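To begin, one chain is listed below as structure tokens, in the form predicted on its own.
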């Protein structure tokens, strides 16, 4: 069984896709192929999306109304999984940690990325070396970064050794709720600010130099040109970067999981970690599906509001 379907059903689905392809390839006339070619080309992709994307989503949504631990037959419980979710304090804690993470990480990454891009878009010595150096953190695997940082944040690690040189006491970076979350935030900002920098830099380099030459005839203030010329021109890039980082940060999982596994207590347990623990450690698949679909609904609401408030549809026109 896979996703509730037997091997025979999956075999029939895959066979149907192959028959569709082979039938279109060898049995149809050249004129029919020419006329219906776009449809025939789309059929395998449509079937693949139906079985690989739509069906798992429908199956997971059905699970949200069942009580199933994988060992006994599933039992229909209606909305109980959703009601139990709202009564669970871990749910509210994980939601709060995730929102706090998003509220700090996304603005810092976008603003710092933009400022560094503006700085390195100027004619300064060694800018190519600095650009390369700044983009390096993007290539680090988040899980590897988390495990390496365990030694950096150790009580006897290099970070505390540096603090001792300046006369400060060692800090248990991952041992208290506030410092643990701050430590993970610092790593996330360090890794993803270069991504924002890279996209902003490519946008800035595509702006016409003639516009700036005309602007400098009106004023010598770089700040005014940045405020009234650069920012409006790169508004679509700012909107895109903000949405991408918002979406990724809301789903943050690998870095806190590899560093603290959601601890100490539940101080760094994000929504994704909580859903993972409910589903794959407590084997409460129905409960985990309910939480996952609630989060999907929450993302839909957040992005709908952002599109309305930010008037993104006007920006992209």
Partner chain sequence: MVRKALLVMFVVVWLVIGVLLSSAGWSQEKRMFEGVTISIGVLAAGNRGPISGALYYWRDEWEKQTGAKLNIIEVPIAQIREKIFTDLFTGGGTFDGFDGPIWITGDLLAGDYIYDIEQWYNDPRFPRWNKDDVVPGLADVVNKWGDTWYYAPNDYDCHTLNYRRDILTDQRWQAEFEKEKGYRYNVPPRTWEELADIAEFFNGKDWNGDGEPDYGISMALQKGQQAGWHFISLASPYMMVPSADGKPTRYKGVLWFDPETMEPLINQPGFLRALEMLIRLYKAGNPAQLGWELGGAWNEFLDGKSIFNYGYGDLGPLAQDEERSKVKGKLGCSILPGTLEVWDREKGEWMKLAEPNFITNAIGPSWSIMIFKQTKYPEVVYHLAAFHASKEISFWNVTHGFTGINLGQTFQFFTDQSFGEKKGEATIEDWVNQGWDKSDAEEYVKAFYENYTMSKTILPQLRIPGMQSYYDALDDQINAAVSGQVSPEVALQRVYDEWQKITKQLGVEKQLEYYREAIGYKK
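Note that the structure is predicted; figures quoted are calculated from it, not measured. Numbering follows the first chain given and starts at 1.
The same protein also has a form predicted in complex with the partner chain, omitted here; what follows describes it.
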Heavy atom within 4.5 Å of the partner chain in the predicted bound form - the one residue of 158, 175, 78, 107 that qualifies: 175
Heavy atom within 4.5 Å of the partner chain in the predicted bound form - residue from 227, 100, 127, 90: 90
In the predicted bound form, residue 39 touching the partner chain (heavy atom, 4.5 Å): no
Interface membership of residue 65, the partner chain in the predicted bound form, 4.5 Å heavy atom rule: no
4.5 Å heavy atom contact, residue 166 and the partner chain in the predicted bound form: no
Contact label in the predicted bound form: residue 259 to the partner chain, heavy atom within 4.5 Å: yes
Region of this chain that lies against the partner chain in the predicted bound form, out of 43 to 51, 265 to 273, 244 to 252, 57 to 65 [heavy atom, 4.5 Å]: 265 to 273
Residues within stretch 58 to 80 having a non-hydrogen atom within 4.5 Å of the partner chain in the predicted bound form: 67, 69, 70, 71
